[in-house]
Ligand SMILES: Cc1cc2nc3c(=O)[nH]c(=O)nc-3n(C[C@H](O)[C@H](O)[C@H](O)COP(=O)(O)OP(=O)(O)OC[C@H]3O[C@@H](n4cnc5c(N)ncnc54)[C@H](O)[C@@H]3O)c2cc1C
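Consider the single chain below, provided in structure tokens and representing the form predicted on its own.
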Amino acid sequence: MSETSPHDVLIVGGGVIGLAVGWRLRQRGLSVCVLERDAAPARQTSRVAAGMIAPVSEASPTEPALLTLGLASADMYPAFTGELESETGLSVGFRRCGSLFLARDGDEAAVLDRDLAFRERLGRPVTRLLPSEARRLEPALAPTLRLALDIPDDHAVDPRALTVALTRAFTRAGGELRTAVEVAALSVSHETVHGVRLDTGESLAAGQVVVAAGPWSGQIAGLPPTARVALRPVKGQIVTLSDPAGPGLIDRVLRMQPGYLVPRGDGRYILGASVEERGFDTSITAGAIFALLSDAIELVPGAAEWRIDELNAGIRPGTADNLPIIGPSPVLDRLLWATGHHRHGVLLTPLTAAIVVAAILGETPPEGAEAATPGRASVSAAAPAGGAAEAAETAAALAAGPGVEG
């Protein structure tokens, strides 16, 4: 068994969160290695995210802590993406496009009115639109539209472009990215994590280990039962569409019940997303795709002429209280978590990186970070180590909270 020279930090998981944490740590001078099991970064959850930066739309009035985290991270996005693009010369597709929240009938209109009141209580910009007013903003909308809300401070980013830019920023800053490597177990002794062991038998030592492996974070072997976190996999199916006529038919994000349509600004559109409690199953099903397409075409009839470029399914890491799990383990020294983001992973990327960096460097955490602490009772779990089948069974047994895609 071989052992390499130790790093200051090992990060398990090369999605947008793991890469962002690694980039920020390299900027502070720490030696960092990101370990990704796939052949390229962000081939799982990050790859199939829609990329909406919409904190109020992504939280309900019963989730004030999640709203606080989302608003704080959304406020960081312009500077975060601007710095990333400046350092890499790459666009991340950040668009200040706003969104329209749409209703097709009386029940959906009642939901919009409640959302309107919620936003007004928060002091967030929102305008109630008649159907004719909504169609002046987006002429491609169907005449059967009942009501709409104009939400100008919702934005969007392209998660795939964000991944490419984060990868370049991290490696240019001197970070080590190892792909196609499987972490077999964490190396733990005397209630302290000392590194990881790969499935090849190689051992990697580190001063700190950050687990940012999305819904697979709870599967890593080597942890005592009391040190595990409770995650459940939440499946989501999405469709990537493209308009042969080019960009311009829809400019804003369209939010409908229960899905959304996100324009990339170049003629591509992301249509999503189903919310399914089916373990780690990533099969594409006709019913889910049909429902998504039917809703989109009902609201944007011209979408019937678009091409279907991709059908994808991803797995979100859900928690019982819908809050992420970010920060030091309360059980094991030198272990940090950055997982459990459910539908908010892309939105919370800048804030998650800031929380983890502050924890590692002993600095004051960002305001609101305590809501995501791994020490809260709702995220503790005595989950067995094992393969995907065992993990799926364990996750299915965990408390399943409501969730919608964002």
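Numbering starts at 1 and follows the sequence shown. Keep in mind that this is a model prediction, so the values were computed, not measured.
The next section is about a form of this same protein that is not shown, the form predicted in complex with this ligand.
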{"query": "Partner contact for Pro317 in the predicted complex: this ligand, 4.5 angstroms, heavy atom", "finding": "yes"}
{"query": "Contact flag, Asp38 vs this ligand in the predicted complex, heavy atom cut 4.5 Å", "finding": "yes"}
{"query": "Pro350: touches this ligand in the predicted complex, heavy atom cutoff 4.5 angstroms", "finding": "no"}
{"query": "Any non-hydrogen atom of Ser57 within 4.5 angstroms of this ligand in the predicted complex", "finding": "no"}
{"query": "Location of this ligand contact in the predicted complex, chosen stretch of 329-337, 215-223, 244-252, 144-152 [non-hydrogen atom, 4.5 Å]", "finding": "215-223"}
{"query": "In the predicted complex, the residue from Met52, Ala372, Ile355, Val32 that sits within 4.5 Å of this ligand by heavy atoms", "finding": "Met52"}
{"query": "Residues from 228-264 in contact with this ligand (non-hydrogen atom within 4.5 Å) in the predicted complex", "finding": "Gly236, Ile238, Tyr260"}
